[in-house]
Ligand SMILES: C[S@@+](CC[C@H](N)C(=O)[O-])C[C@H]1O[C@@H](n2cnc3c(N)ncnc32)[C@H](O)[C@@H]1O
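Taking the form predicted alone, here's one chain by itself in structure tokens.
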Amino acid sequence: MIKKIVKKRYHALKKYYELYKLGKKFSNDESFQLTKNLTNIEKTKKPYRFDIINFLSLTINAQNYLEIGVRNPADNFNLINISNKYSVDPGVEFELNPVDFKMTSDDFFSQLSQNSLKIPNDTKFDVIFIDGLHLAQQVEKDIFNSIQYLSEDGFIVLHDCNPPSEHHARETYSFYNSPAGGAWNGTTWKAFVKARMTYNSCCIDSDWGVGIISKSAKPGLNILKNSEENHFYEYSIFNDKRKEFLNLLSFESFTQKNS
């Protein structure tokens, strides 16, 4: 009886030891280490998105602000210094969901176009911040819909446009065994790069990449000319020419151009 117990425990311990060795092997893998380092570097970058939004709002004396994808308002929405602010979020990630419009962005823009919200459908927003579902197809729709309600001098701002590795740019958020862990930028970059083919834009190299889009020409913003170089949106090509595809700028450089 004792031999059976000892043997059973031995096999259990051996199994756990093999799992430990496997985990250690992955954690010491060069790709894992590089991705972890990139995550740590990105976390140190400042300013944050709300600082950039507040700077942009001052340059045009913004009066109306819309935020798509709020989650916890304390993270960004409450820190925006614009008088008239509106928020949209279906409440998937934050149970309390204290926003103005508890719905998806698609539903919001659909109802806004039908004049069935408390906001008149002729409203123009000076700054629209997009931080909803981080998948290219949805981000592209959010950009298209936002353009319709953006003031002529206004800005669309997007979070997560500069994924530091392809692990951060994975499509599936819940793949926690990725070297990026819980850090996730999704495929937002693809929608932003596509928008850059049409609109004046840039990306601030801070807070996971803060994209800026404008209908009009502004200092520091440009339109992507060589889009055919990455027709299929391959991450490796994007990574090699990241600065060009994103028009990647430091915040200091951008503020100097717009001061």
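Position 1 is the first residue in the sequence shown; the rest follow in order. This is a predicted model, so every value here is computed, not measured.
The protein also exists as the form predicted in complex with the named molecule; that form is not presented, and the subsequent description refers to it.
Taking the partner from elsewhere, V193 is found to have every heavy atom lying beyond 4.5 Å of the named molecule in the model of the complex. Using a 4.5 angstroms threshold between heavy atoms, F129 counts as touching the named molecule in the model of the complex.
For the chain shown alone, D205 is not a contact residue for the named molecule in the model of the complex, no non-hydrogen atom being within 4.5 angstroms. By the criterion of a heavy atom within 4.5 Å, G181 is excluded from the residues contacting the named molecule in the model of the complex. Proximity to the named molecule in the model of the complex, defined as a heavy atom within 4.5 Å, singles out one entry of N76, Q111, N145, S151, which is N76. This chain is displayed without the named molecule, yet in the model of the complex the stretch 87-95 from 87-95, 185-193, 113-121, 162-170 comes within 4.5 Å of it by heavy atoms. Contacts of stretch 59-74 with the named molecule in the model of the complex, defined by any heavy atom lying within 4.5 Å, are made by E67, I68, G69, V70, R71, listed in sequence order.
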